[in-house]
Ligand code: G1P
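Coming up is one lone chain in structure tokens, specifically the form predicted alone.
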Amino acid sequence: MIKQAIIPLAGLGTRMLPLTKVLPKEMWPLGYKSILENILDECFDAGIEDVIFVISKNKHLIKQYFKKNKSLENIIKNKPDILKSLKYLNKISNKIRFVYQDKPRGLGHAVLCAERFIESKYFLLLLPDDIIKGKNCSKELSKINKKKNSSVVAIRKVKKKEVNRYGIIGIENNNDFKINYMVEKPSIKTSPSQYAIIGRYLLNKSIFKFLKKQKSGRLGEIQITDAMNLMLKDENFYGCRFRGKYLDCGTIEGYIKSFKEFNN
């Protein structure tokens, strides 16, 4: 069973400005919990025991949120429901570690920042912009990993006109979605398929050696897609058409729709 997960949280949240100037988007409410807590629920339900948050110095509120506050607990000690929620945060905080990404240098660099904590052969990578409601996507990836002994990414079929918004996979085998190529935001004409990579990855720790080979691209970022393409030359990679409803919390419009979905 996969025991470790990385959640990158150091992004600037520019698409959500000015709202993210003070409160990180990962802490915005989604139902009765924050976006980030919904992601953690998925992790822990999938058997994850060790979560690495990659944060920036501007995201200190996230670290503060999971820090025990004894004085606050004393104030609300006669309100058992609220106290229970705080004590739950205390409990899961023991499963969370923090590492800093000083500059926003892309998803690949964020993953590299957490390398020293990863001990197991495989680990999960979850992007908090993407919420999967109704089914545990991480569990589905783990099942394929156990069967194929390989890395796995979550995929969904998108409209042809939308392929230039996503990382897109090329498929070697339509029966089990064995991947032979990945490309970041292709044009409609050059896209190898309509299957887009969604923010759930189950990766072999060999990804780190490939990330270290990557040169910074546009905007000085290290792209994880390039590293995964190098992995494909040495090992198998599969896509997982997950069940459940996909919700995009990466834009204001997407967050509003997601909020309504959780509060219907």
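Numbers follow the displayed sequence, beginning with 1. Since the structure is predicted, the reported quantities are computational estimates derived from the model, not experimental observations.
Separately, the form predicted in complex with the ligand exists; it is not shown, and the next lines address it.
Interface membership of K185, the ligand in the predicted bound form, 4.5 Å heavy atom rule: Taking the distances in the predicted bound form, the answer for K185 is yes, it comes within 4.5 Å of the ligand.
V111 within 4.5 Å of the ligand in the predicted bound form, heavy atoms: No.
Contact flag, G199 vs the ligand in the predicted bound form, heavy atom cut 4.5 Å: Contact check for G199: yes, within 4.5 Å of the ligand in the predicted bound form.
Distance check, D130 to the ligand in the predicted bound form, heavy atom within 4.5 Å: Looking in the predicted bound form, residue contacts with the ligand include D130, since a heavy atom lies within 4.5 Å.
Partner-proximal stretch of 115-123, 93-101, 139-147, 159-167 relative to the ligand in the predicted bound form, 4.5 angstroms, heavy atom: Heavy atoms within 4.5 Å of the ligand in the predicted bound form occur in 159-167.
Proximity to the ligand in the predicted bound form, single hit among Q223, N229, N236, S56 (heavy atom within 4.5 Å): None of the other options qualify; the answer is Q223.
Members of 91-116 lying within 4.5 angstroms of the ligand, judged by heavy atom, in the predicted bound form: Stretch hits: a single one, L107.
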